[in-house]
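The chain below stands alone, shown as structure tokens; this is the form predicted on its own.
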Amino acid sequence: MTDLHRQAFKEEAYELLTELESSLLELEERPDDQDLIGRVFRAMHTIKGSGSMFGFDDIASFTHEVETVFDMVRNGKLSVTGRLVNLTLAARDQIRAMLDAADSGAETDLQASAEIIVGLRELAGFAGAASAAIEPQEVVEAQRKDPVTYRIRFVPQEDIFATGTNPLNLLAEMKELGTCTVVAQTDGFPPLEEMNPEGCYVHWDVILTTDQGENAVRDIFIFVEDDCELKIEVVAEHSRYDEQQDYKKLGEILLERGDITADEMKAVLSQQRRFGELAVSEGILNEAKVQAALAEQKHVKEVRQEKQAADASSSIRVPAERLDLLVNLVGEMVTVQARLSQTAAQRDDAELMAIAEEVERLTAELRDSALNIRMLPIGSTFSKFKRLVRDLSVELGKQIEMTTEGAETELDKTVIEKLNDPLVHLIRNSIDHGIELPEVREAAGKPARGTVHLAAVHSGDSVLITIADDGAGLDKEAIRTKGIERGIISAGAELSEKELFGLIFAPGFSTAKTVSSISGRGVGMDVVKRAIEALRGSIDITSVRGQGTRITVKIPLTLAIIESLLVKIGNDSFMMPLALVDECVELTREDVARSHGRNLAHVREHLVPYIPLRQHFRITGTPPDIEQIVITQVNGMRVGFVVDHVIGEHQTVIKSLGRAYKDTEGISGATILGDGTVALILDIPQLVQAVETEQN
């Protein structure tokens, strides 16, 4: 067995566990949904079967317990209850922990496994489950065995009754080992006049599926092994057995048992006649009609086989590292294509221009295809948050329903991964600070059950993710008071609503009167803001006291290639993310003189603060008489950046900075232009923050 196969199983199992969690949360709301019950059972069944096949025996054995219970649910012998869902979610977490520990060498919490198994057995009503706690060592023992089906022939001697043995007790004991089918064979009965009334003339064929091992079966017969003929054969090992394939034909089974010889089977088979032959010989059908029906049967069978083959090859699993490599190569291609286009334009060669345009078209298609491969629906992340809301609601004694919208919205895989932690912080804050306790909500005329709504929607080259709750909303006065206390704002400061709400992103800022295990230390929202800005995104808050809060996160679709505005200061080139740019206006020497050093521009009767980048980056040289202000939107504010020239839009392949430059303030990366020179990508929010800090 190779690590490749084990890795493939782990990847599949992680996906199945994600689907399982989602199905369980839905099942909690719709306990009678047979489709959901079937999905839970199939997920467990697949993890068990594949786990056993690839050497994860502990996972296979543990999952078998949950699968058994859900088999009872599927057959209507057990109902879905809150406790069953809780135990199954705990089992899902335990299986994930086992998967994580499989390669890291960490130890699995066997006591947790034992407690879950005991709970499931209690629910299933298995005898002794409630009183007999399972020791961790028992879990280990159980984890070593896979279910095996045995063929057992038990032929007691005629005088077995004289030894005081009742064969029926032995059969009953065997039934306790697992699923058992018993067939009595009575062909050994003698004629009545020869029969001994105290003799035993019956023998039994038993099919037993158990995970207890062959020794456990033989132990049952240990006291009668000298008084019987006992034959035990393995007919199916379910760890390697393909559940989908057909079992042996009747003749094969009888031949294996020794109940029929090969010649006898051949003789019987030679007497068989197919339906078509019988129908023709009886004069019901003619030969042509039978051949037509056979042709139809063959045709449909072949088409289905082709379709199954096509379905099997319609998707492949590719390691994320290979996709990263592909996107990097496409990025290099985009850079080379830009250089080709620039060279063609400079030479004014019509033929070269035509080639450059064709390469540009193909590169654009290749870029879009490569980036689309990395796109994943954000729904899988939403499913994780459902579990978070459920568990926190129970912990805090609140009633909260989570609704989602736009789960099919696609984002780059890397963006989704990096977005997880900020969204967890925001949802935890909504639950802890936003949604009130049921009695408080009812006193305020609201339904006892609060709502947290999570939505995602495409907006141009970005995705808007909204977290909205119908809780208490933000307290403006409390935020203002806290801001004055911490010296962030002065007592007489006049702030807009956006600026006031923006204070909650300050490090250590919290209006919570008590610190809980969930939140209240003021750690989180500043981390959220930094994480969102690191993704070149923005965050916006609206809130109405008593009605709820809505937080909107704007994130670019991908981090690999972005649309930028290329600007120049002296001989240096810079990129500004186009998603943040509002407009460009001119800045003359007279405009500068009129502002009296306050760095404010008059734009359509509104004052816009600006940052002279030449001065900020200490670039020497003389600026042109007419400079350009690139006005951007940062956290709801319009802020300008003064540059020498605006060159135009540019497709930017982002290159990370080396270790020596990774902490450079105001620069988030670099790119290579068509002429081979390097342009730095500006981190607009960080530049604004740095200037604000300097001024304060």
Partner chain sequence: MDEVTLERVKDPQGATEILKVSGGVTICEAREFRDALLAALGAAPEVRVDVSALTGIDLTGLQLLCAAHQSAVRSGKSLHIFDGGNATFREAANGAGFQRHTGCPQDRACSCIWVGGES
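C-alpha atoms forming the largest set that superposes within 1.5 Å between two forms make up the rigid core. Remember, it's a predicted structure, so these values are computed and weren't measured experimentally. Positions refer to the first chain, counted from 1.
There is another form of the same protein, the form predicted together with the partner chain; it is not shown, and what comes next is about it.
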Open item on the list: If the cut-off is 4.5 angstroms on heavy atoms, which of these, Thr481, Gln291, Thr261, Asn372, is the one near the partner chain in the model of the complex?
Closed with: Gln291
Task: Candidate from Lys175, Arg257, Arg589, Lys231 lying within 4.5 Å of the partner chain in the model of the complex - any heavy atom - done: Lys175
Open item on the list: So in the model of the complex, is the partner chain close enough to Phe161 to count as touching (4.5 Å, heavy atoms)?
Closed with: yes
Open item on the list: Please tell me whether any heavy atom belonging to Ala184 falls inside 4.5 Å of a heavy atom of the partner chain, as the geometry stands in the model of the complex.
Closed with: yes
- [ ] Using the partner position in the model of the complex, report whether Tyr201 sits within 4.5 Å of the partner chain, counting heavy atoms only.
- [x] yes
Open item on the list: Even though the partner isn't displayed, in the model of the complex is Pro197 close enough to the partner chain, meaning a heavy atom within 4.5 Å?
Closed with: yes
Open item on the list: Among the candidate stretches 426 to 434, 115 to 123, 161 to 169, 494 to 502, which one is within 4.5 Å of the partner chain in the model of the complex when only heavy atoms are counted?
Closed with: 161 to 169
Open item on the list: Does Gly471 shift between this form and the one not shown by 2 angstroms or more at the C-alpha, the core having been superposed?
Closed with: no
TODO: Examine Asp93 after superposing the rigid core and state whether its CA is displaced by 2 Å or more between this form and the one not shown.
DONE: no
TODO: Verify the C-alpha shift of Asp159 between this form and the one not shown: is it 2 Å or more after superposing the core?
DONE: yes
Open item on the list: Flagged pair Ile37/Lys175: C-alpha distance shifts by 3 angstroms or more in the model of the complex. Which direction, closer or farther?
Closed with: closer
